[in-house]
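One chain comes next, on its own, written as structure tokens: the form predicted on its own.
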Amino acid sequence: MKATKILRTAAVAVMCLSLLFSVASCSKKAQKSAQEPTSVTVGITQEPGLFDPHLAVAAGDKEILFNIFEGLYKFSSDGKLQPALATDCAISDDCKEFTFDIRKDVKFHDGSVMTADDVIFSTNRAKENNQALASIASVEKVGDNSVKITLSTPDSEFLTHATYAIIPQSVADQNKTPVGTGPFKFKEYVVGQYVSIEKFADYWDSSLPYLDEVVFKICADMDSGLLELQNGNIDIFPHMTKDKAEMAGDKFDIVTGSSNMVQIFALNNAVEPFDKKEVREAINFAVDKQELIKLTMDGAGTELTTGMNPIIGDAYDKSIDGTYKKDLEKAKSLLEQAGYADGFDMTITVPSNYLVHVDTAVAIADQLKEIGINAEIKQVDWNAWLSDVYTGRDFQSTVICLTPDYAPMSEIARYHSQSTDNFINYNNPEVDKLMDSIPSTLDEKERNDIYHQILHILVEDSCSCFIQDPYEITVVNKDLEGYELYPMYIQDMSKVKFKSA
């Protein structure tokens, strides 16, 4: 399930089934002897698109790359920010200078030793492709193992962005030969079949990882993945629906929890008729979110009101909950005010490899009929969705899951009019102004008040229809232990091992 910070082309079902046995040989079942190589196979439903960590935007790419690359800081499975390739950070009182102590004796996968120069190189390179790092004015070495990042404007939340990958200057093409410092190193990618990563013996945390190999096996969809699970060819399958997970069999445990995802019925604010607030508001009153959650997730989801997930904490304002409840008469009245008393025709473009989003789109189309809106479902492959809908913004509406980091600004930054991630073309100068003031607001309570104001405006503008945080449901082989769910789109394989190992 999933979609942005974003996501790429799913292999066709026939291909996945034809590889049922041939690929299984690549992901050999682990031996339970500590002396023999151990391998685990993870099922995924989208074709990887980019292995360059500074260019990848697809959530499906990033959940694999998390095992290969690391930043100065990283999020833990409980959503806490913690040091990684940095051991500490000193922050100036005005939140403009961040001095990182760089971890010593860290090696890249090519055998070279990470230096402060690599951190400087990576920071400058990441800045070119990451809008959240745009405020970086300079990066300089202030010691053999210290780097100071100076910002042009204060940013009280800058550490949450210091998760960008540190890479060696010596690698010319990270997409072709990805080289990081993570617990696993890239081994092989066979289009339409699998991505394999292998244990990095010189990882700076010598206690990790436990596995010798992880194979991310590409399946056309959840149904073909379920068949592979039942046939014993996959050990872990994330992002499942409740009904499919329960069909996996008694050899698997079901692990579930909040995902911090935002499933959105995204409306392109720049095209008719969704450029009219009344139309967007009417749709919000026509959609029965609880029914959608029941139909698509068997009830395993949290209803959302806006673009921030309540799991984020005090930056979320609970007073907005329940703003939209199904009210067909109000919806029809709003359509009439907008000049669409007889309804209209529209298209919902949805990535075909995400069953939950397809099912949601179908259910939404049925609900919209009640107010005279006729919605056609247009299924496209992932690459087409990414290029045409997300990047090209050539669409009327879509259903997708947004996958922010576990930080308030990450949740709402895309609603700034200048954000490259603002694929719904939302534009409100007041929101821009408030959002621009957050980095320089050092008091946490004051920042939270600003977040609350932004959330109220997003709701008032009905910028899109926010549906649910679908629970993360992962099926895990009972012979395994150490698998952790993250409040982000991540498959952390570093602590996974066989119980007998």
Partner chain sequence: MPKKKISPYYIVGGAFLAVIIIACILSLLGVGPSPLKTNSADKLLPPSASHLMGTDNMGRDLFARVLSASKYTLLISVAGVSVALVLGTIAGMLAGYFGGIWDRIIMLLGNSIMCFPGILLALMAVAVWGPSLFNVIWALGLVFAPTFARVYRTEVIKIKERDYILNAKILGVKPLRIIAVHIFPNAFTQIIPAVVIGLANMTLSESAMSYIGLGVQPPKASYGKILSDAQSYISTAPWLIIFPSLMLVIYILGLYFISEGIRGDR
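Just so it is clear, the structure is predicted and the values come from calculations on it, not from any experiment. Numbering follows the first chain given and starts at 1. Think of the rigid core as the biggest set of C-alphas that the two forms share within 1.5 Å after superposition.
Unshown form predicted in complex with its partner chain; subsequent notes refer to it.
Enquirer: Just checking whether Ser352 would be counted as a contact of its partner chain in the model of the complex - the rule being heavy atoms within 4.5 angstroms.
Expert: Output for Ser352 is yes: heavy atoms within 4.5 Å of its partner chain.
Enquirer: Is the gap between Lys107 and its partner chain in the model of the complex 4.5 Å or less for some heavy atom pair?
Expert: No, Lys107 is distant from the partner.
Enquirer: With the partner left out of view, is Ala407 within 4.5 angstroms of its partner chain in the model of the complex by any non-hydrogen atom?
Expert: So Ala407 does not count as contacting its partner chain.
Enquirer: Considering non-hydrogen atoms and a 4.5 Å limit, does its partner chain approach Leu295 in the model of the complex?
Expert: Yes, contact at 4.5 Å.
Enquirer: Looking at Asp366, Asp253, Asp94, Asp394 here, can you tell me which has any non-hydrogen atom within 4.5 angstroms of its partner chain in the model of the complex?
Expert: By the 4.5 Å heavy-atom cutoff, the listed residue in contact is Asp366.
Enquirer: Using a 4.5 Å cut on heavy atoms, which of Asp321, Asp212, Asp117, Asp243 is close to its partner chain in the model of the complex?
Expert: It is Asp243 that has a heavy atom within 4.5 Å of the partner.
Enquirer: Exactly one stretch in 424-432, 268-276, 337-345, 377-385 has heavy atoms within 4.5 Å of its partner chain in the model of the complex; which is it?
Expert: Contact-bearing stretch, as computed: 377-385.
Enquirer: Determine, after fitting the two forms on their core, whether Lys199 shows a C-alpha shift of 2 Å or more between the shown form and the other one.
Expert: No; Lys199 is a residue whose C-alpha shifts by less than 2 Å between the shown form and the other one when the cores are overlaid.
Enquirer: Fitting the rigid core first, would the Cα of Val119 be found 2 Å or more away between the shown form and the other one?
Expert: After core superposition, the displacement of the Val119 C-alpha between the shown form and the other one stays below 2 Å, so no.
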